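Below, in structure tokens: the form predicted on its own, a single chain.
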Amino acid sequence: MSSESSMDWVETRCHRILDANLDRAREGLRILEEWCRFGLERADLSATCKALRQEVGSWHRPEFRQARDTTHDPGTSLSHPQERQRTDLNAVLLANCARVQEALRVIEEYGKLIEGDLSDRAKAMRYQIYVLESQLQSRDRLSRLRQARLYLVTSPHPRLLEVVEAALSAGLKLVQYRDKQQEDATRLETACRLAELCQRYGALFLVNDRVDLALACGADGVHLGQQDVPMDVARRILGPDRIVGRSTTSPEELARANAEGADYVGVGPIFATPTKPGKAAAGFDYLGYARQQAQQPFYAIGGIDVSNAAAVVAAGADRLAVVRAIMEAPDPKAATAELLQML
């Protein structure tokens, strides 16, 4: 093969690679755009995806398309089991964000051999997709939070993972890991295992109090008490796309949570509970006040179980947080199913 023909051969192969990855990037962007448009109904994010998709299309030069050889492409018959199924919507979004990012990286590298400007533009867009991914993750988490009517706050249990998985298998979609007794190393290990378990069932996973543990285990967010770190500090540590909730027991604490921009609030304790020793019950009066004044989803909490949950719902709560009702239930799966049915 002569030097000139060798150069032509390499150029043609590079054109084929660019053609395939330009198509891949546009396809991934279209999938993201459709969710922004029809799922989130966010015109701004939909417009962003559309503009990015059209820009990628403008890079697709005729010579790239002419180099396409689908018949002899060995990759058309290759697949992976993970490509054949998606566990939930979040998996679809993450897979297609990764698809676009990977395609842009390929365009960036092979574009250096063809056209430096193409490489630079692909690199710049890749960082835009990172931002878009964070925005989609944030919107997806908040959407899933609004849909989660039942919230399990764990307590120490010798079969903690088993109990949580039983609740998840019944349809639970929101779990908070709360344990003030164990050493940090043990808590981190448990938090990581719970985070993985919740991800497998498509549930949100939060950590009580400890922003550092939430960050370390990749949790979806953190729940803060009144004496914990300020909310703006938690957001700076976790980033803008994570959930931050706040406990409230009075109108004054609710006003503070509203001002801080809490993603959700706990309202209670509705009944006296050993989880909060010495804390007087806030009762139904505060529940009614929160229904009128809360600017975010709120979860009634404190001594709620299957025997009184219907009364709490009748008093104005459409979301419940429970501890012992599931953690100490003889059949955690059945107890979860019964509470979900009430909601």
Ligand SMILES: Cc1ncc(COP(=O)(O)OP(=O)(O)O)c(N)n1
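Start at 1 with the first residue shown and count on from there. All of these numbers come straight from a predicted model, not from anything done at the bench.
As for the form predicted together with this ligand, it is not shown, yet the points below apply to it.
In the model of the complex, Y151 approaches this ligand with a heavy atom inside 4.5 Å.
Although the partner is absent here, S143 lies well away from this ligand in the model of the complex, with no heavy atom inside 4.5 Å. For Y264, a non-hydrogen atom is located within 4.5 Å of this ligand in the model of the complex, even though that partner is not displayed. In the model of the complex, no heavy atom of E133 sits within 4.5 Å of this ligand. Comment: 170-178 is the region of 234-242, 135-143, 170-178, 88-96 lying near this ligand in the model of the complex, near meaning a non-hydrogen atom within 4.5 Å. Out of the listed residues P156, P230, G116, G225, G225 is the one that sits within 4.5 Å of this ligand in the model of the complex by at least one heavy atom. Annotation for 181-211: interface residues with this ligand in the model of the complex are N208, D209 [heavy atom within 4.5 Å].
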